[in-house]
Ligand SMILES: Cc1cc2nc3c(=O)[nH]c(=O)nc-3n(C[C@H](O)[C@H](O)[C@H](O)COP(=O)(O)O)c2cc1C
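Just the one chain here, laid out as structure tokens, in the form predicted alone.
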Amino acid sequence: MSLPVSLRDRLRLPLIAAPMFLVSGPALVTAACRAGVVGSFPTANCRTVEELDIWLADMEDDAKRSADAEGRVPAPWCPNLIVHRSNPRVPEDLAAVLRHKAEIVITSVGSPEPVMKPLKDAGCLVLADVASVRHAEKAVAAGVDGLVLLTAGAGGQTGWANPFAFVRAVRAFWDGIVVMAGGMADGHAVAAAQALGCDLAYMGTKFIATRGSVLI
């Protein structure tokens, strides 16, 4: 596996609870982290940067409270930054993420290059979601630590590639972290992703019908 040992040892399942617009909030994220999977959320789910600061502080506090007697901490929480140039909040959201020392960040909808240096300088693991081999190559060139492959069935109808072909094509040139998104509904799918050569799976829809979902 390409995952750092420090992350792998905190996971009960090789899974990220995917960031879902209008769904993923602090309750869902912290519950996922306590259960041993990475909990992620779009920073755009916060209406203001001030609200984002509150969410991140709550997640930090929950992680500290949830550490066991031997000091083992839950799986990390993970903000998802929409880095497209049409998002005017990128600098402010990035600053908030850095203030709260996020361990992992997922970038979406654009090149991660503009946010790479501050995130890497802060010691953050950076994953970029990509929908094509060309986008994957650009993200690798920008210096990311991992790729979230948006295959057919990925959230928001953003993925179209066949997962078997996409994963193998990316693994031909990339030995870093690979996460597969699209059609992840159970443990069989997670095991299949690992058999293909992925380190983690991305599961969103299954988490909507939970007590922590903002929609519930």
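Only a predicted model underlies this, so the values are computations on that prediction, with no experimental measurement involved. Throughout, we count residues from 1 along the sequence that is shown.
The form predicted in complex with the named molecule exists for this protein as well; it is not shown, and the discussion that follows is about that form.
**Study point:** Proximity to the named molecule in the model of the complex, single hit among 59, 154, 33, 177 (heavy atom within 4.5 Å)
**Key:** It is 154 that has a heavy atom within 4.5 Å of the partner.
Check your understanding: So which of 184, 37, 29, 170 gets a non-hydrogen atom within 4.5 Å of the named molecule in the model of the complex?
Key -> Contact check passes for 184.
Check your understanding: Is residue 194 close enough to touch the named molecule in the model of the complex, meaning at least one heavy atom pair within 4.5 Å?
Key -> Heavy-atom contact with the named molecule at 4.5 Å: absent for residue 194.
Review point. Does the 4.5 Å heavy atom contact test between residue 93 and the named molecule in the model of the complex come out positive?
Key: No, residue 93 sits far enough from the named molecule in the model of the complex that none of its heavy atoms falls within 4.5 Å.
Check your understanding: Applying a 4.5 Å heavy atom distance criterion, does residue 204 contact the named molecule in the model of the complex?
Key -> Yes, residue 204 sits close enough to the named molecule in the model of the complex that at least one of its heavy atoms falls within 4.5 Å.
Review point. Can you check whether residue 147 is within 4.5 Å of the named molecule in the model of the complex, heavy atom basis?
Key: Residue 147 lies outside the contact set for the named molecule.
Practice item. Quick one: find which of 133-141, 75-83, 110-118, 97-105 has residues within 4.5 Å of the named molecule in the model of the complex by heavy atom distance. Key: Stretch with heavy atoms near the partner: 75-83.
Review point. Going by heavy atoms, what in 20-39 lies within 4.5 angstroms of the named molecule in the model of the complex?
Key: Sequence-ordered list: 20, 21, 23.
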